[in-house]
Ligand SMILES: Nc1nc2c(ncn2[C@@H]2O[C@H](COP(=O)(O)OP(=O)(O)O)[C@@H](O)[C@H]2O)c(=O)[nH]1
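In the block that follows, a single chain appears as structure tokens, in the form predicted alone.
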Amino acid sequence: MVKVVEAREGEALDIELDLNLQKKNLELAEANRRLLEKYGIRAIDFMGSVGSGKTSLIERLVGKLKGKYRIGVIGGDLTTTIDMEILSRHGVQVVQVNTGRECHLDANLVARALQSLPLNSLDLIFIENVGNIICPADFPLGAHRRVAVVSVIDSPYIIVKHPLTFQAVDVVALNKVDLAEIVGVNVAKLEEELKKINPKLSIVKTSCKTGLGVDQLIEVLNL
């Protein structure tokens, strides 16, 4: 059984409606961070478009790390529990946050999700944001690291079209690189574009199908 947190009417914070909400979200994110640190928990926020491979990448990480850490996962989606049902099969604690119409998680919804997790029994929480490469970047959740998962086969312009997203994250997983040659994608060019936007980024080439780059991502995230 997957626990579900439903966004109540008017609850999800939306910067498009009121810029003051960004300040409020930051305050709530800091409160989330303090709560996590009180319990000695590290949290990592994964964002990316629908189909970029967020769930599959988290699943790979869980498989590698569940013997080392007590892991929880918070999943954001509009209406379904599909992704969290997949991850719950690995014996980790999961909470689904259904946002209704909102295209991102916010710190308030994550705070409610944290209330549904046994924080005393966790060391590490993965947060899978709603499938969107744009909106989540404006809403920090209190996580210690932020990862953008980018499918290299989505569009050759996905990096240059969304520079603000890549300025807001610490790590980029260039995913599905095993398909890059087949579809004629220049992965090195994507890496160059990312470094121009944010020279401080850690970039990891990954494939959830083959497992490529998963160990490197674990190292980059200091896990």
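Every value quoted in this text rests on a predicted model; they were computed, and no experiment measured them. One rule holds for the numbers: they count along the sequence shown, beginning at 1.
The discussion below concerns the form predicted together with this ligand, not included here.
**Message:** Is it the case that V214, even though its partner is missing from this view, gets within 4.5 Å of this ligand in the model of the complex, heavy atoms only?
**Reply:** No, V214 stays farther than 4.5 Å from this ligand in the model of the complex.
**Message:** Using a 4.5 angstroms cut-off on non-hydrogen atoms, would S207 count as touching this ligand in the model of the complex?
**Reply:** Close contact exists here: in the model of the complex, S207 approaches this ligand to within 4.5 Å, heavy atoms only.
**Asked** Looking at the partner-bound form in the model of the complex, is S52 within 4.5 Å of this ligand by any heavy atom?
**Response** Although this ligand is absent here, S52 would touch it in the model of the complex, with heavy atoms inside 4.5 Å.
**Asked** Taking heavy atoms and a 4.5 Å cut-off, does S56 contact this ligand in the model of the complex?
**Response** Although this ligand is absent here, S56 would touch it in the model of the complex, with heavy atoms inside 4.5 Å.
**Request:** Using a 4.5 Å heavy atom cut-off, indicate which stretch of 154-162, 178-186, 194-202, 65-73 touches this ligand in the model of the complex.
**Result:** After filtering at 4.5 Å, what remains is 178-186.
**Prompt:** Out of 110-149, which residues reach within 4.5 Å of this ligand in the model of the complex, heavy atoms considered?
**Reply:** The stretch touches the partner through E128 alone.
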